[in-house]
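Coming up is one lone chain in structure tokens, specifically the form predicted alone.
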Amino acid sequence: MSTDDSAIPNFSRGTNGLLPAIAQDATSNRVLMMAWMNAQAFDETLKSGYAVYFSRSRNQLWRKGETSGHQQRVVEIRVDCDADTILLKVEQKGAACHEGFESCFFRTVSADGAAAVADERLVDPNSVYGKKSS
């Protein structure tokens, strides 16, 4: 494999230095979640081997699983052709979604616009976070 410096995420292309980061199960290839990364989160992810994101609501780094224990061990990192979207292939421990589902993409939407929950909840978010899910 050859080295490609253009594959380094270009955080200057993001909004406020943030790029979308997609977490995908390394075994099943299911998309688990989308979050945001800044350069510091990306660097910490590289160094630790675990997913670290940037929380826009808290304006700070968010170490996935810090509260819940539902960590994401990073198996592989990919960057899209424009170097402005990050794909993390991860081994997910527990639920990826704060609502207790394996994936944040647990709803389906039919052609008429009706939404339905399509997956089983893995954990009760109240027992994990001590508060009601949103």
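What you see is a predicted model; the values in this text were computed from it and never measured. All residue numbers are counted from 1 along the displayed sequence.
The form predicted in complex with another copy of the chain exists for this protein as well; it is not shown, and the discussion that follows is about that form.
- Proximity to another copy of the chain in the predicted complex holds for none of 60, 73 and 124, with the criterion being a heavy atom within 4.5 Å.
- Within 4.5 Å of any heavy atom of another copy of the chain in the predicted complex lies no heavy atom of residue 67.
- Taking non-hydrogen atoms only, residue 85 approaches another copy of the chain to within 4.5 angstroms in the predicted complex.
- Using a 4.5 Å cutoff between non-hydrogen atoms, residue 77 counts as a contact of another copy of the chain in the predicted complex.
- None of the heavy atoms of residue 93 is located within 4.5 Å of another copy of the chain in the predicted complex.
- Residues are counted as partner-facing when one of their heavy atoms sits within 4.5 Å of another copy of the chain in the predicted complex; in 30-52 these are 30, 31, 34, 36, 42, 46, in sequence order.
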